[in-house]
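Consider the single chain below, provided in structure tokens and representing the form predicted on its own.
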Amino acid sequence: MSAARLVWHQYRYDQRTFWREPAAVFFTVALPLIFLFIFVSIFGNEPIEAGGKEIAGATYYVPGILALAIVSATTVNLAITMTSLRERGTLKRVRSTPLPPWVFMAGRLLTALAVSVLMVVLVTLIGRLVYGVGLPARTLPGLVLTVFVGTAACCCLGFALTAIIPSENAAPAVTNALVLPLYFFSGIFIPNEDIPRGMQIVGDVFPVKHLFQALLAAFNPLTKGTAIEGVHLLVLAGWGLAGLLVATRTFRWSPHSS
């Protein structure tokens, strides 16, 4: 069997596994949509200042929820599921089969990418049909590039994060303890201008804010050009490379107890 067919077969298997897990589907797919309805319903469509200019509230929250959805589908989901598979001994058994390790990883990466793309389509459609949030055609290249770079970077961080998670039970707690504060520091739940300066500085360091800002540029009707945010994308790529380096050195296929 060719490498491409192996990857396709593994991807199909991982897709079925993902959609058969109710908890993963809820937290990765349903919860971001619930957050979108909650935030726009509470705060309405009142103007929000972004980058020194005012935009509609829904236009601000749609890319914010997209950033949350991508992080959930990649970093959060991978860190939790890979830790669970490791501690149950599943990864160790996979490692002992003829299946090349890179094919197994590729299946997980493609699954995360597919779910991220699905969430982009769903949130964009809901934003358009329910809240009138448009996506300018000229910024579509920026959106596509941001989704692919952001997904790849966050996947690498998800694999790297498994190194500091000691057990299956600790995985959700550790992952959410690291990610949830970043949503607030990055301006996803609260507009950046309303966040204390110290929290803004912390958010500037981490990739979630850069993912959000690049997505916001794509949806902002005041953006000129293709919305390819070079600085934000470079920061995302840098975090992704760092995560890849850490993952290649620390990723374990055997349970910590072994």
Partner chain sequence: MGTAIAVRDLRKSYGHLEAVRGVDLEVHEGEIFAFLGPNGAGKTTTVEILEGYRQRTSGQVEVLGADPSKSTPAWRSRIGVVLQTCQVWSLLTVRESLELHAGYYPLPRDVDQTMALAGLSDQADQRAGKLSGGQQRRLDVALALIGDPELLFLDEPTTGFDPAARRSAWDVVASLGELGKTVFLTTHYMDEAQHLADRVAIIKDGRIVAQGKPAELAGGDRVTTTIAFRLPGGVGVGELPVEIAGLAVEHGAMDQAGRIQVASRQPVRHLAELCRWALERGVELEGLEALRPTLEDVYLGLTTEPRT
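Positions refer to the first chain, counted from 1. Here the structure is a predicted model, which means the values were calculated and not measured.
FYI, the form predicted together with its partner chain isn't displayed, but the following is about it.
- Contact here is defined as any heavy atom lying within 4.5 Å of its partner chain in the model of the complex, and by that definition each of 16, 85 and 88 is a contact residue.
- Using a 4.5 Å cutoff between non-hydrogen atoms, residue 20 counts as a contact of its partner chain in the model of the complex.
- By the criterion of a heavy atom within 4.5 Å, residue 104 is counted among the residues contacting its partner chain in the model of the complex.
- Under a 4.5 angstroms non-hydrogen atom cutoff, its partner chain in the model of the complex has residue 95 among its neighbouring residues.
- Among residues of the shown chain, residue 99 is one whose heavy atoms approach its partner chain to within 4.5 Å in the model of the complex.
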